[in-house]
Every structure is written in structure tokens, then in C-alpha cells.
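A single chain comes next, written as C-alpha cells; it is the form predicted on its own.
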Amino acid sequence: MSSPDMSKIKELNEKYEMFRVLNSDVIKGDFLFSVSDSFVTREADTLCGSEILEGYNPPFDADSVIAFKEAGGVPIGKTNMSEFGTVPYTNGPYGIPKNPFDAERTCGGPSAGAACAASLLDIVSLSLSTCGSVLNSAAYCGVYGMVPTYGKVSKAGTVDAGSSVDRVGVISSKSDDIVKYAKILMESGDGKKSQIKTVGIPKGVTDNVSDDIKKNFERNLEILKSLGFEPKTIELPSMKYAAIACRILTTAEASTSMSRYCGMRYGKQDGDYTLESDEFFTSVRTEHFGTPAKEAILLGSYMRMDGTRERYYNKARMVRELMIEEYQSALKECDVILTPTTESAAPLISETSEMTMVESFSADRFTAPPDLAGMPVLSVPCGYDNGGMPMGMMLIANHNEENKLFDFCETWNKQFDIVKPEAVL
């Protein structure tokens, strides 16, 4: 690999704001990769999209970053994300990643910058998937996104919001890279081929999606039939509760994990030390947490309170158990499960800023269920709407059956030609 044209990358970044920071010394290596701001790296500080962590630069790398470096990779920079991954659309203080196909549209939330970089720079991106953010952003930006089974990739050195949901994922415009680099990250696995024959389609899966998404999904089903795949209708009744359940769990976990950022051991340490402890903590958090983090802390704390824990948090845990049971039951009838990745193509950034919290959570309608259940999942680009915006479809396999997704990825790549954004490097 030749040395990258950093001046061109900086020029693109000024317009698309995919990176919070670019590494100053990018040397030659076998491949380039970007790192989400939720991964610890030696080259740059780790802020998770929040001002409260400014100056946090530990002298070590996350395990997944180490794995890529040992494979010959060179990190190019830290990508922008929503604050601590708490909302589906990025609106943090370090820039809002612009969609490579239309700069007025979003790239998603926690994985927004990662998907934008993969699309524009044709590199592999590391990101942390919160309620399916790797998949959403990959679909919005017209690239591939892959998240292995929960627990199969080390999260050491990542700063996650929802520890029981968040997983390390890979984004790339090349199907071969998805397979290659996901395998590098996984701590266990085999090289066996896994033939897919029956594809489960959840009943009502195209209800309340955009016309373009529905038509594209139905058209791709016909393509899959012509390739020898057999669609089979399945039941996933708890799927409609999964997006809200996933957000309840992640905000509850975030409200506890973010309590450490109080201006003492962690968090920006510029408060008034003459104040009493509670007042000191409040002043630091008030000044340096953004609105998304504050909303997550308030909502998550409420979900865990006596009197509301049973009504919300415990029920969300029940939804997770139901989703696992329903997925495993359905996957006895079919080899994999297929859904659209998103309800629509990427919305306008101006629209996302006006959405209520509940409205924004609908972005996770299809991606939250497998994240909640820890299932391995793959999003592939599969079409473009009337405005030229990319759309994706998503394949879900049973736990530890990533090889089925890898095989499908290679098969689909032979059938679908990716359209590159005009600004691609």
C-alpha cells in the first residue's frame, strides 16, 4: 500500500466531518483503517464524542486495534460518533458526519463517521455497535457492515454505553474486507463453508417502511429465489418491542457507567475544588456533558428506580430473553433471517434534529433485535432509491454461525454492483 494522500483526506474531512481527529503521522502499511472515537488508541485521545473526556489519552490500544495493527494495518484517525453512542443520529460538538451521497443527509449515530470513512476513503472501519449502529450507518452510506456474535470479539479498550449490548463491528465498501477483517477480530471460529438454502422472512417485515425500501426488498427476494434461496415466512412477535427495550437497557447501563465521569478520576478536571462533592460533580457534568448524555443519564436512572424498574428495565430484559428464544426457534425452520436494514434511506440532518427520542429510536427497528439478542448479523448494500440514496438489507444467523454470513457476503457481492459516491478518494 502506498502512503495515503493526507491533504486530500483532510479536504474531504472538512466537508464531510467523518473524523474528529486525523493522525499526524500515517506511515505505509498493508492497509488503512479508521477507529471510532469509542476505542482507546495511542495515537490520539479518546473522547467518545463528549467534551467531558477531553484530554483522556491512555498509553495503550484497544484489543481490536492491536489485532488490526498486528495484521499490518495503520490507523488513520478517530471517527466522529454520537455522544457515548446514546442516540441514533450524531449531533455532537466535534462535527456531524455528512452522508457521502448527499451532504444534507445523516450517516447515523455511533457509527456515523466510521461508515462515512469506509464509503469515501475505501478503507476498513472499526466501530462499536449500539442497538445496531454499525448496520444502520453501513446501510445509509451504501457499504457492508458486520457484527459477530456477542462475546466473540474482545471489547477490552472500548468505552461502551450499554455493556450488555455493545459489540465491535467492521464496516467496508468491499465484501472481501468484511470477511477478512471480521475473522481477524474474532477470538474463535472455523473455516467451514455453511451453505444457506432457506431464508426466513419475518411476517409483516415491510409494514410501515418507505415505498422504496419495500419495493427494493421485494425485488431482492426475487433475485435470491433465482439464486436458489427459498424464502419462508416466520414469526418474530417480540421484534416490535426490541428497539425500545434495547434503548431502555443501554440507557440504564449508560447511566451507571457514566457516573465515573465526575471530574475526579475520570472526566475533565477543571471544576471548582472549593465546592462540596455533590455540587462539584454536578457542576462538572452540567458543563461538559452534552444533551444526549444528560438525557440518557436521566432516562436510565429513571428506568432503574424503585417503582419503575419492574415496569421498564425488567420488562426490557424479558424482551431480550424472548427475542433469543424466538430467533433460535425460527432458525430451526430456516438457515438465516432476512430483513431490511432500515425503514428508509438516510433522513435529512435537519429532520433528525427535530425528532423526539421515541421517533429517533425507530431507526433501530430492524437492527436492535439482533443486537439485543447478541446474534451475528450482516448488512449488505442492495439498491438505491429514486434520489440515488443507498439502501441495505440485513442477514441474521444463529449464535456462532458467522460463516453463513461470510458465504452470503461473497455470493451477494457477485450479484450487486456498489455505486461509489462522487466524492470518493
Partner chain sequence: MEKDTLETVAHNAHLKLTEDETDKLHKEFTEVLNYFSLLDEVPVRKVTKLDPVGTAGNVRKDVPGSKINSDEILKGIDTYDGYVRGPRL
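Everything numeric here is computed off the predicted structure, so don't read it as measured data. Numbering follows the first chain given and starts at 1.
FYI, the form predicted in complex with the partner chain isn't displayed, but the following is about it.
Heavy atoms of R105 never reach within 4.5 Å of the partner chain in the predicted complex, leaving it off the interface. Looking at K69, you'd find every heavy atom of it more than 4.5 angstroms from the partner chain in the predicted complex.
Proximity of R265 to the partner chain in the predicted complex: non-hydrogen atoms within 4.5 Å are present. Within 4.5 Å of some heavy atom of the partner chain in the predicted complex lies at least one heavy atom of M305. Although the partner is absent from the chain shown here, Y150, N314 and I324 each have a heavy atom within 4.5 Å of the partner chain in the predicted complex. In summary, the region of this chain contacting the partner chain in the predicted complex, judged by heavy atoms within 4.5 Å and restricted to 334-342, 240-248, 204-212, 112-120, corresponds to 240-248. Taking a 4.5 Å heavy atom cutoff to the partner chain in the predicted complex, the contact residue among S277, T198, S350, S226 is S277. Site annotation in the predicted complex: the residue of Y89, F289, Y181, F217 reaching within 4.5 Å of the partner chain with a heavy atom is F289.
In the predicted complex, L372, A373, G374 are the residues of 365-397 with at least one heavy atom within 4.5 Å of the partner chain, listed from first to last.
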